[in-house]
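Next up is one chain by itself, shown in structure tokens, the form predicted on its own.
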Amino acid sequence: MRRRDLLASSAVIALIGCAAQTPESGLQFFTPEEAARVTAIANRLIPADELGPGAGEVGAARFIDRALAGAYGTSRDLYMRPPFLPGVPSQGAQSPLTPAVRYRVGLAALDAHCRAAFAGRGFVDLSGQEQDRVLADLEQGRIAITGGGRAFFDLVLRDTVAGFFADPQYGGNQGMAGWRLIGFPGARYDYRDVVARHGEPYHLPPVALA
């Protein structure tokens, strides 16, 4: 399956606000080292190719950083009291760990695993093939992480996809790269000039909320 088709089939336009107000280039939750790891992971999950840049290149880590600094990171709007019992996949994560905690613990454990397995090199220092192998082990639960390796992989994958397709004002999808990839028109106000052109490709560039 081509990258465009794969992403178009799973694209969800996620609009997640941030609680704190900091300079546009500043981090609100991640340390610089954590942000670099998330960027590297995002570039392997949605890599660059002839159709456009990877998710990490267009700000997926910044999008996730802002989300973790707000209500999403603390699970503020979710019921988070015990008991925490095994559930079915449709029930979502059944864990006392918030996304912020899962990222902090998971990124540290992932880097520790890499340094033990690759002669002191962290995840960002590995080749693309080595990073893919590590992520495959993470997806299969072969890397020990509090809360589960597969659960952490799924979390980062979901947030990376959201960051790749969210409106650029939330930090990711810079240059509307995700929207351009799948032909999404964005938040254009008026379509009357093109709505009658049935069967023709949409020819106007995407428009962000800003």
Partner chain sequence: MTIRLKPVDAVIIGFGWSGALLAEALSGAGLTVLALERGPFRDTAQDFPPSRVADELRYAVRHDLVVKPAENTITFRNKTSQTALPVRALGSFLPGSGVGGGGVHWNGQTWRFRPSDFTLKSRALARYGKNFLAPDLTIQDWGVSYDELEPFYDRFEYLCGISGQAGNLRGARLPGGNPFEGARARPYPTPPMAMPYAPTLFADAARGVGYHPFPQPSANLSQAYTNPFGVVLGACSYCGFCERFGCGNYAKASPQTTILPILRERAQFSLRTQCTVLTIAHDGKGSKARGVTYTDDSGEVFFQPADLVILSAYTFENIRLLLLSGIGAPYDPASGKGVVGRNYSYQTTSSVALGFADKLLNPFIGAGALGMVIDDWNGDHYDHGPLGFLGGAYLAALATNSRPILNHPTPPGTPRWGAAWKRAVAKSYLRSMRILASGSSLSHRGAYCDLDPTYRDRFRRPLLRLTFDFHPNDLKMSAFATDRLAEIGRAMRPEWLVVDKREAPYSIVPYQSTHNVGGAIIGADPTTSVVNPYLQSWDLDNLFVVGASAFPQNASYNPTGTVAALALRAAEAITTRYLRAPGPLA
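Residue numbers count along the first chain shown, from 1. By rigid core we mean the largest C-alpha set that fits within 1.5 Å across both forms. Model, not experiment: these values are computed from the prediction.
Omitted here: the form predicted in complex with the partner chain. The next part is about that form.
- With the partner removed from view, the residue among 147, 52, 175, 141 that has a non-hydrogen atom within 4.5 Å of the partner chain in the predicted complex turns out to be 52.
- At a distance threshold of 4.5 angstroms between non-hydrogen atoms, residue 181 is in contact with the partner chain in the predicted complex.
- Within this chain, residue 127 is remote from the site of the partner chain in the predicted complex, having no heavy atom within 4.5 Å.
- The partner chain is not drawn, but in the predicted complex it has a heavy atom within 4.5 Å of residue 135.
- In the predicted complex, the partner chain lies farther than 4.5 Å from every heavy atom of residue 116.
- Taking a 4.5 Å heavy atom cutoff to the partner chain in the predicted complex, the contacting residues in 162-194 are 162, 165, 166, 169, 170, 179, 181, 182, 183, 184, 185, 186, 187, 189, 190, 191, 192, 194.
- With the core held fixed, residue 91 shows a CA shift of 2 Å or greater between the shown form and the other one.
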